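Just the one chain here, laid out as structure tokens, in the form predicted on its own.
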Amino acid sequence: MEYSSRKEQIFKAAAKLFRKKGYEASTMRELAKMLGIEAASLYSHIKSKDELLETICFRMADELLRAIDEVNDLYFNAEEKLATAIKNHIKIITGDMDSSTVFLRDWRRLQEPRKSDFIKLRNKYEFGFTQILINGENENVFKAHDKKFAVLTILSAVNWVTEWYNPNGSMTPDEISEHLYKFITSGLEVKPVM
């Protein structure tokens, strides 16, 4: 994500603060201090702390949905689609660790009706992965007896990356994606194509 305007700088700082302290424990006063402005000045750019969380969560959701929709619109086979979907997911969440951590950890703090809207987007994203598994069964390359469980396991594995990924570590996002793909597909009983 790019942050250029003052408002965007506020969103970036909020993501960093929420990641560090958690949404509930973070205050607008702390955010203002990070930005070097008065707390009252924040409200000339944003309505509330809730708006910050909503924006962070929905931006990440929209980016992930665009990526899974793009994968499912391509004429790849299911194995290529799954590998690409995992790669895209890892690239997005490692590209903005502050926002992705807040997105994954604090979405439950969203206020209604936005929380319900967010859950609909999350379900749509999960269905994008389910569609890949269905395609894989039709192509006789995947066998997932319980697709819901398989998708939740895949997403748990890729989302856990936010807990340990280090941009200066020994693995790049592409290497992480490749390792996770191999590990995940070993549980999907990938069959040789006849």
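Since this is a predicted model, take the numbers as computed values, not measurements. When you see a residue number, it is the position in the sequence shown, counting from 1.
Although not depicted, the form predicted together with another copy of the chain is the subject of the following passage.
Exactly one listed residue, out of 143, 47, 66, 33, brings a non-hydrogen atom to within 4.5 Å of another copy of the chain in the predicted bound form: 143.
A heavy atom within 4.5 Å of another copy of the chain in the predicted bound form is found for exactly one of 61, 28, 150, 37: 150. Contact with another copy of the chain in the predicted bound form, defined as a heavy atom within 4.5 Å, is made by all three of 24, 163 and 187.
Note that among 66-74, 154-162, 37-45, 50-58, the stretch whose heavy atoms approach another copy of the chain to within 4.5 Å in the predicted bound form is 154-162.
Another copy of the chain in the predicted bound form is not approached by residue 85, whose heavy atoms all lie more than 4.5 angstroms from it.
Using a 4.5 angstroms limit between non-hydrogen atoms, residue 96 is distant from another copy of the chain in the predicted bound form. Taking the partner from the other structure, another copy of the chain in the predicted bound form has a heavy atom within 4.5 Å of a heavy atom of residue 79. Another copy of the chain in the predicted bound form comes within 4.5 Å of no heavy atom belonging to residue 114.
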